[in-house]
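Next up: just one chain, as structure tokens, the form predicted on its own.
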């Protein structure tokens, strides 16, 4: 209904834009090595933004009623903030793969086969195995009263495996997952299984953690709760309101020279890939931190208008929320260190596999104290066993200025690609 919606909005508002999104998801869950539950869901919604008398209003609906949606957006604008928004005009869009026909047409049997491939390869392990396979197929369409009207299809397949066993009176849980626009390749499934087996081997012994400030290696699965502080500090909205510790550091070094952070929505087949953002701005690769220097902030149309900056193509919106700046595919550029060199850089310390998120005392400021859900003791540059019941603490912005080494291997965790990082001065207790 996006065309009649904007036609009606143009009669009553200075400008308007809208996004229409649909999604059909199939979820298959396994227990005891066999499928036990299958479910399907469908969602469809349209979000409208208008500017009327200089004020912004937003409304969303899952029902196709353009007159009602326009009326509610205009009512929202009466109480909205004054803002300057310049809508993007039609322009050539970059090419990026967001949809794979093989994944989109995969049957329930095809998804079941994926789970069986993992199950069969872990059959010799004395563990409880939980698996889930999820396939989503959808469409995104963005249009505005400046003439833009663009759409793209999306497919996404995710596989999550969890192995667990009782050990020393505690339940050991190791997780791994794959996610992308296509069905996972056999090689990727083999690597996932090999990683799970390696971790189970490491866990056969427990090793007491050394306490105090020390070098700690963070594996890609442990980095998202830490990088959340950097992501939020790099939002143009946070810089605008003065809450970001990076607000006045653009063009200056804030972190180690070994750290380069890029947002890249043009990577084929990744969860955050897209040819344009949810406001119609064409996507582009954006270096955020270049060799430790703050290179850019993320802007949507509204925050860019408030500071007189160019939008970066990072507006994200849901059916019932206003647009907000957000990352697409966040990539920490890999270094050159092999796995043995990463362990050597840790020396006598810890490798953190998984952190329990959500307990940071000051997310944007970077202060954290997070229990480790899975951690490994390192001694003499080798993993010597499971380190139970440890908590790591520090300040993310400070620790990222003291990067010891960056691993060469990237691992995707959702829409984030990261290598192992070894940081100095992490508090362990």
Partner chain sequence: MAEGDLDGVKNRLADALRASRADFTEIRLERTWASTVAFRGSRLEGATAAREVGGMVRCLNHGKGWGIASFTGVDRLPAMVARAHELSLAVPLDAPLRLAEIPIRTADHASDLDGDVREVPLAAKRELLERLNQEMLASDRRIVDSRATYEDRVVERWLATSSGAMLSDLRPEVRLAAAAMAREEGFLERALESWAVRGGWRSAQDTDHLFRAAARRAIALLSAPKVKAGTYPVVLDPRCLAALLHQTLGHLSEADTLGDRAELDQLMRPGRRVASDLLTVGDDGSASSLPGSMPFDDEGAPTQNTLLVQHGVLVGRLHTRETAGRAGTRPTGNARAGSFRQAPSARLTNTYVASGQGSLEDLLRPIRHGLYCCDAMGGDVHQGRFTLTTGFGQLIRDGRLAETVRPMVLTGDVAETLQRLDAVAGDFRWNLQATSCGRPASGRIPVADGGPHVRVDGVVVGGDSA
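In this text, all values refer to a predicted model and were calculated from it rather than measured experimentally. Residue numbers count along the first chain shown, from 1.
A second form of this protein, the form predicted together with its partner chain, is not displayed here; the remarks below concern that form.
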| item | value |
| --- | --- |
| Among 268-276, 137-145, 237-245, 288-296, the region lying within 4.5 Å of its partner chain in the predicted bound form by heavy atom distance | 237-245 |
| Heavy atom of residue 171 within 4.5 Å of its partner chain in the predicted bound form | yes |
| Touches its partner chain in the predicted bound form: residue 61 (any heavy atom, 4.5 Å) | yes |
| Proximity of residue 382 to its partner chain in the predicted bound form, heavy atoms at 4.5 Å | no |
| Residue 401: touches its partner chain in the predicted bound form, heavy atom cutoff 4.5 angstroms | no |
| Contact residue in the predicted bound form, chosen from 149, 162, 125, 190 - any heavy atom within 4.5 Å of its partner chain | 162 |
| Single option in 356, 205, 284, 250 placed near its partner chain in the predicted bound form, where near means a heavy atom within 4.5 Å | 356 |
| Complete contact of 68, 373 and 389 with its partner chain in the predicted bound form (any heavy atom, 4.5 Å) | yes |
| Heavy atom within 4.5 Å of its partner chain in the predicted bound form - qualifying residues of 38-57 | 38, 39, 40, 41, 42, 43, 44 |
